[in-house]
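Given as structure tokens, the chain that follows is alone and in the form predicted on its own.
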């Protein structure tokens, strides 16, 4: 299981309400699928939950049945989009852990609206009155760093990654580089995101492989 999969596993808590019966679960998924399309096209533009419902073509009451707030809906949309991406790319995994993050970032930029949504939610997690975003991203970053650290240690033992740096520190730097470069790309799309991330990946190669 990869770092991203850990946030979309069956053990992960459901954001909002999942629905009591199979029909309700399916309806919630349908709403989130449609929301992904809307936010991919428009991004998170600060509109109200009622306006989002209109854009989705559902009633305001239908959204409130599953989500208590706009923030909770947006977090669920991002989590659902990440889960769908993992399903679509199931079974494909680069050899080194660092390249998994590089590839994930490149998949993200294919849907700019979701990169914008991610950045908006991370910023929201810093607000004092945030609850859904802060809880989701605090847990997500912790899980990503932990799993990435374990995978980096495995790669170091296999001679795929330089072993003169602590895997835990490298894990935090990889997450910072990936997220930071995506934000720079949002502001200036001409930035060579793929080339820069590949360069960062190359820096972690053992001396003999450079």
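A quick note: this is a predicted structure, and the numbers were derived from the prediction, not measured. Residue numbers count along the first chain shown, from 1.
Missing here is the form predicted together with the DNA; even so, the following discussion is about that form.
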Checklist entry - Even though the DNA is not shown here, does residue 57 get within 4.5 Å of it in the predicted complex, heavy atoms only? => result yes
Item to check | Contact test in the predicted complex: residue 69 vs the DNA, heavy atoms, 4.5 Å | outcome: yes
Next on the checklist: Check residue 158 for me: does it contact the DNA in the predicted complex (non-hydrogen atoms, 4.5 angstroms)?
Outcome noted: no
Checklist entry - Should residue 38 be classed as touching the DNA in the predicted complex when contacts are defined as heavy atoms within 4.5 Å? => result no
Checklist entry - Among the candidate residues 154, 145, 65, 29, which is the single one with a non-hydrogen atom no more than 4.5 Å from the DNA in the predicted complex? => result 65
Checklist outcome for this item: None of 165, 183, 172, 49 but one has a heavy atom within 4.5 Å of the DNA in the predicted complex; the exception is 49
Checklist entry - Based on heavy atom distances of at most 4.5 Å to the DNA in the predicted complex, which listed stretch, 69 to 77, 113 to 121, 132 to 140, 97 to 105, is the contact stretch? => result 69 to 77
